[in-house]
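In structure tokens, the next block holds one chain alone, the form predicted alone.
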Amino acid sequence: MSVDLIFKIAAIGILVSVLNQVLVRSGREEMAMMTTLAGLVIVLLMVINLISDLFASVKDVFNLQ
């Protein structure tokens, strides 16, 4: 796992939190929630790709199919 991925996730978190605060203060709570959910989905997709790579590596190491 590279440090670059951790920085990407942290940057997404900071960006989402700033957007969330701006939208909440302007009275758009629904948009703030959608922004938070979009950030969560993006980060989860990044983590799912890593987990997929992990399973592929395990299959290669143990010579499974």
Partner chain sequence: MSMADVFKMAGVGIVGAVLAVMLRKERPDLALLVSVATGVILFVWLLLEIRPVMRALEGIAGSMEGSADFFSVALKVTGIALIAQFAAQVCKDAGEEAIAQKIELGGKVIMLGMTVPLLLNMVQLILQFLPQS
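Here the structure is a predicted model, which means the values were calculated and not measured. Numbering follows the first chain given and starts at 1.
We do not show the form predicted in complex with the partner chain, though everything after this point is about it.
- Residue contact check for Thr36: one or more of its heavy atoms lie within 4.5 Å of the partner chain in the predicted complex.
- Contact annotation: Leu23 falls outside 4.5 Å of the partner chain in the predicted complex, judged by heavy atom distances.
- In the predicted complex, the partner chain sits beyond 4.5 Å of every heavy atom of Met31.
- Contacts between 40 to 62 and the partner chain, taken as any heavy atom within 4.5 Å in the predicted complex, involve Leu40, Val43, Leu44, Val47, Leu50, Ile51, Leu54, Phe55, Ser57, Val58, Asp60, Val61, Phe62.
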